[in-house]
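One chain comes next, on its own, written as structure tokens: the form predicted alone.
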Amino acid sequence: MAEVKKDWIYKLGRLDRRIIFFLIFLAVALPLLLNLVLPVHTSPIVDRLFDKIESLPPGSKVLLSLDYGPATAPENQPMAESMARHALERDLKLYIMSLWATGPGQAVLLIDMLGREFPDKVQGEDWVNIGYKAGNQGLINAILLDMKAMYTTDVNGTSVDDIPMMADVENLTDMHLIAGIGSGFPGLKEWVQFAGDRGDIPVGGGVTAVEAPLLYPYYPSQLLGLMGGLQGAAEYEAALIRTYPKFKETAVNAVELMGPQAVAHTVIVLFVLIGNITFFIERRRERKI
């Protein structure tokens, strides 16, 4: 049997995985330490979502559903924060809720941010958190018909009859936009199927990168717009900063993470190319032996 030539091509094709892991670590850590921020350009599917909120007249109602948990917060939370900032900056009425039991924790973080950046906005008049209810798509079906039958109080126990911005809300069809931020079931797809289609209500939002391909078939006829993963969140932040420069210091969570992600993806692609090239070179050598 012919001896295999163990030169640098052979060794490169069998690179110790610990070296690969270390290089990926550097690809993420160095851009973070050096504060590498890359320019972000918006795509039509994100622009359409941004333009929808931009076009709503003051006083319009936006339902923001936080259907995710801490595991996907790095992708989802910047989406929720950007849409909430945009809605309050436009003097829209913001209704916060969740189909996930882990959503209320994320809502607390969101409301803390709103309190810092919008101290003049009043709870119950400009925004309200009606909290989490179990039921998945069954809950959507129920509040499509009667919202106050399911939500008798907000998350603090205040009766909805004592909340000014709930006075003229009977069901989901009173909403001018439903924004679902999610990472699985139930989530944005269920909002499209059980609220948007049945109630003829505009639905848009954001999902994790792995879920985004499942939502693209609904765009643009059933889904108004979509933020797909961290890239989508960064695009919405870029659109928000471009229109409202006052947010250039605060609405940058996703934009700042795009640098490390881009470098890490580049390193991964390089290793894929190296692996394939060395494989074909070695196979060609074997045929010549």
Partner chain sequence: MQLSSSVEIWIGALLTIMIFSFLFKDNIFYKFAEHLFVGVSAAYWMVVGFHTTIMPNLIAKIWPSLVVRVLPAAAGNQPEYHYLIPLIFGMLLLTRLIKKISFLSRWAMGLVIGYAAGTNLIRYMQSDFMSQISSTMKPLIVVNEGVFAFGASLSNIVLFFGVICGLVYFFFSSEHKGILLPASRVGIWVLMVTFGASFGYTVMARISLLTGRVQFLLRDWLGIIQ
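For clarity, every value in this text was computed on a predicted model and none was experimentally measured. Numbering follows the first chain given and starts at 1.
If you look for the form predicted together with its partner chain, you will not find it shown, but the lines that follow are about it.
Heavy atoms within 4.5 Å of its partner chain in the predicted bound form belong, among the stretches 193-201, 167-175, 120-128, 82-90, to residues of 193-201.
Taking non-hydrogen atoms only, residue 77 never approaches its partner chain to within 4.5 angstroms in the predicted bound form. Of the heavy atoms in residue 33, some are within 4.5 Å of its partner chain in the predicted bound form. Residue contact with its partner chain in the predicted bound form: residue 60 places no heavy atom within 4.5 Å of it. At the 4.5 Å threshold, heavy atoms of residue 55 stay clear of its partner chain in the predicted bound form, well away from it. Here is the short version: of 9, 15, 274, 268, the single residue with a heavy atom within 4.5 Å of its partner chain in the predicted bound form is 268. With contact defined as any non-hydrogen atom lying within 4.5 angstroms of its partner chain in the predicted bound form, the contacting residues in 18-39 are 18, 21, 24, 25, 28, 29, 32, 33, given in sequence order.
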